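Taking the form predicted alone, here's one chain by itself in structure tokens.
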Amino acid sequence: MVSVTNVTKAFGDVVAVSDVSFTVGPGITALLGPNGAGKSTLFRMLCGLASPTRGEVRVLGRNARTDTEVRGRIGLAPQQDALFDRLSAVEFVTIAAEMHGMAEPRAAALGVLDIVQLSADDPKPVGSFSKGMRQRVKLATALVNDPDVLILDEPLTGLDPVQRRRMIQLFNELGAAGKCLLVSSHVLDEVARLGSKVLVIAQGRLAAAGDYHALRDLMDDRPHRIRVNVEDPRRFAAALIERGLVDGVSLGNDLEIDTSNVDAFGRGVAPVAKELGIRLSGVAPIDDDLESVFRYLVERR
């Protein structure tokens, strides 16, 4: 549904996005990267708000920069606050529906305000809204045209925990219904709750794309770290080292081991415990998470 091919975007001598290529289908894909990595610039090109210096951007097979019809099938919630502060929420979202040419703009606005749990009867201007309420107005505006592709730039910022859970549930429902959602976020545990498909941007380049669990498995040059709950950690660690099952150990409250061969360790850990007569109560990876993958990929660039 989204295709980016060898895209570069430069502002004079500053290269914001450099030779990035990827494709995205239905469902949720998270765009990760530190501040200044080029995420918002990439989103602007996807929405047709900016042209690439080189390369090609396609949304639903077309160029959103030149094709107004396909722009009407994209919903955008930008990171920046740019609301008409003197209007109420229903007035603001109704204007967005009118600009999309909706047959019944006010009805469309009422429907999406209900989805994001904002009252259409609230007469207060959006300029008096809290950060979380303003964020939900932007989400309602992005949804009002029932888009096929949703570009959401830090959409969870400012929401309280209950609102975040509700929005994550909504995003998952939209993805399950066949919509394509590209969501940027800097809160990694929230991204993990959105799903495991990620694009990692670092210094304007695509550092990785795919399922972050699979990405971790491909990091052959970095040992896996595993926590082992065991009765006699010192004797057990010595036995693991002697049998060549680990690259290194750390003894604290629990035994933590580094291994480059997870399969061999997995096959050998229980037999070693049985041989030594040591009670083994738990084995769990402690770096098979999104934060570890993200940190590794960014630091590697």
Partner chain sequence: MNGSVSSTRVIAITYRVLIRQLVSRGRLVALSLIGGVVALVGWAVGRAAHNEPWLTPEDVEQIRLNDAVTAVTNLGFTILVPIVALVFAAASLGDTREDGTLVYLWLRPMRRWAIVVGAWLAAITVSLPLTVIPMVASAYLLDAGTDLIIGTAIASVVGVIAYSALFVLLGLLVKNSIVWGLGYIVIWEGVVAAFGSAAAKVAMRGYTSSIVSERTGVEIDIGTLAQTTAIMVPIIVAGFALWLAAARLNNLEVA
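Residue numbers count along the first chain shown, from 1. Since the model is a prediction, treat every value here as computed from it, not as a measurement.
Only in words, not in the display: the form predicted together with its partner chain, which the text now covers.
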Quick one: in the predicted bound form, does every one of Ala16, Thr29 and Leu150 get a heavy atom within 4.5 Å of its partner chain?
no
Examine Thr68 and determine whether its closest non-hydrogen atom to its partner chain in the predicted bound form is within 4.5 angstroms.
yes
At the 4.5 Å heavy atom threshold, is Leu60 in contact with its partner chain in the predicted bound form?
no
Taking its partner chain as it sits in the predicted bound form, is Phe92 near enough to touch it, meaning that at least one heavy atom pair lies within 4.5 angstroms?
yes
With a 4.5 Å heavy atom cut-off, would you call Met99 a contact of its partner chain in the predicted bound form?
yes
Which residues from 24-56 come close to its partner chain in the predicted bound form, meaning a heavy atom within 4.5 Å?
Arg44, Cys47, Gly48, Leu49, Ala50, Ser51
